[in-house]
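Only one chain comes next, encoded as structure tokens, the form predicted on its own.
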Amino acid sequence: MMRSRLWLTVACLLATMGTAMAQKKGGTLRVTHRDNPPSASVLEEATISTIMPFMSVFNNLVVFDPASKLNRLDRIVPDLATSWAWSDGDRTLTFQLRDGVKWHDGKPFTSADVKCTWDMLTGKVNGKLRKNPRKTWWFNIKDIVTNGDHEVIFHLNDPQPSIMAMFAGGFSPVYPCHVPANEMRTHPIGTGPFKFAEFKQNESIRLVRNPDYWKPGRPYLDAIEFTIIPNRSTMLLAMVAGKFDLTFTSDLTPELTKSLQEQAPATQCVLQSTGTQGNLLVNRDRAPFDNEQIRKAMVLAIDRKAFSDILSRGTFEIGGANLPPPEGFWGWSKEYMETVPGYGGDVEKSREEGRRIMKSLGYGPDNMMQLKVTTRNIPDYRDAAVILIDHLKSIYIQGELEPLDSSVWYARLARKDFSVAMNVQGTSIDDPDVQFFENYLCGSERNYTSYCNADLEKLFHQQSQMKDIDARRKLVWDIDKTLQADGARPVVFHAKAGTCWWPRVHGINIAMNTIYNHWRFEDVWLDQ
């Protein structure tokens, strides 16, 4: 038995060596892109359109293990931090930082850069970030201190195990202290494997190899080029013709993924849970939507299964705020979901109740409520918005589609400059702290519906501090049930989508519970 194990170990080592020897340097990875990113500043944006092309410019303190198929709290590895330790009853988190790392402009990376970054994110330094969509992630940070150039200490108000997951996400890179935030929007400087080269609005993005990257031998590629192709049909034809190596992540519906593989059988495709969800946004500060009964009627009109059937041939999952299992760790079980108002199977019964409400308010087939349904002008959003408009007709609401370019979409939402919107929002990390504090906290920049429940917020904080996973999950389910029953931000579907590449591309590793955290590209290489 020992001899067999020895041979197995040797065989595995030889296989690993063979793989390493096969890796080739050079070449340009050609990637499609679905739309024009609002900017290159990862800290200021809230879209995969910025993350996928620009994550590779940066490093984090820690990252989710790129070899793992699931991004989870127990699968976090060092990045700019070499190690970390908890103390003071898990209220103090100390990072030891990597020595010898340089920014792309040659300046040294130090603990001051870490402190500057999180002083901006927590709002301790004002006027730096134009937008700060994830400020509420860092609600628990009391203070940040440095100890020399290579140690940084985060003091927390309360224990919070999940904060490590936030540090590991693609939306949490370290920024350089010496570069103004406004420059990071158009010419980002990082420590990552690739350096920013060019961003042509509505055309392309180009990154080039960082020859001074702190990881020896990485990256393998000379460059990465993203070409912006808003039309999916055009993108698909170009991919089939071999003009591109990799599709933009999750840009392919399940049906288009199947079509691409039929037309180009050699391509490799992964259909994954994206970590994005379709949700109905109703601005409760605008009349007549300040009327709770109207908001309730709108929720009753939604047929979640129809959204999944039409958009994905039944592939999309139905759930609450948190990603459903098996990919999601915190989502409801099927049995629990049946106890949640609005998740029953009798859609017509729900719509009849919605019509009764609307009639009591003076609306009917001869007096339809008129409204605009605002959405982002890309297919995932437009298609869902069209279905929503059709569903609202069943309760005497006549909607008109208002598509907005990505450059203004998030700004309009943040200003609450809409009445009703169909949103497809990414939750980059599968943890309730991200979901609850980012999207439902009173005053959060991304709490687009202005929902505010002080009693529920106490439970947000309670679950955040819990170490007992089973007890925390039970409380999280109950919180989520209240959010959906209140119509805080009704979740319509959890999306799945495809990413495809040609066999000449190696080193792509897709996570199965998010699209946001695996785009460093440092291990990707081309067999040319």
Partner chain sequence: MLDYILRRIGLMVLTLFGVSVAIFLLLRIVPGNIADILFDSAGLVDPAEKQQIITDLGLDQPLVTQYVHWIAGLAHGDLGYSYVSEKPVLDEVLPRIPITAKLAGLALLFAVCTGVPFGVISAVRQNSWLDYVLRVISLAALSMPSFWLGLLVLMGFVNWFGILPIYDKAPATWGAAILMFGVPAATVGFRSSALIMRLTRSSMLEVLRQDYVRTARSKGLSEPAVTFIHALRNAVLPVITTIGIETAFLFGGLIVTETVFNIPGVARFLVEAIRWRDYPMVQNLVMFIAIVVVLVNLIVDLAYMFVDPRIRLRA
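Rigid core here is just the name for the largest C-alpha set that superposes within 1.5 Å across the two forms. Fair warning: this is a prediction, and the values are worked out from it, not measured in the lab. Numbering follows the first chain given and starts at 1.
What follows is about the form predicted together with the partner chain, which we do not show.
- Across the proposed site, 102, 150 and 466 without exception lack any heavy atom within 4.5 Å of the partner chain in the predicted complex.
- In the predicted complex, at least one heavy atom of residue 229 sits within 4.5 Å of the partner chain.
- Contact annotation: residue 237 falls within 4.5 Å of the partner chain in the predicted complex, judged by heavy atom distances.
- The partner chain in the predicted complex comes within 4.5 Å of no heavy atom belonging to residue 382.
- Contact between residue 255 and the partner chain in the predicted complex is not found at the 4.5 Å heavy atom cutoff.
- Listed stretches are 124 to 132, 298 to 306, 91 to 99, 216 to 224; the contact stretch with the partner chain in the predicted complex is 124 to 132, by a heavy atom cutoff of 4.5 Å.
- A heavy atom within 4.5 Å of the partner chain in the predicted complex is found for one listed residue only; from 145, 77, 361, 414, this is 414.
- Comment: the partner chain is not present in this chain, but in the predicted complex one of 291, 182, 398, 339 has a heavy atom within 4.5 Å of it, namely 182.
- If you take 436 to 456 and check each residue for a heavy atom within 4.5 Å of the partner chain in the predicted complex, you get 445, 446, in sequence order.
- Taking the rigid core as fixed, one finds a CA shift for residue 140 smaller than 2 Å between this form and the one not shown.
- A movement of the C-alpha atom of residue 73 falling short of 2 angstroms is seen between this form and the one not shown when the two forms are aligned on their rigid core.
- Residue 109 shows a C-alpha shift below 2 Å between this form and the one not shown [criterion: core-superposed Cα displacement of 2 Å].
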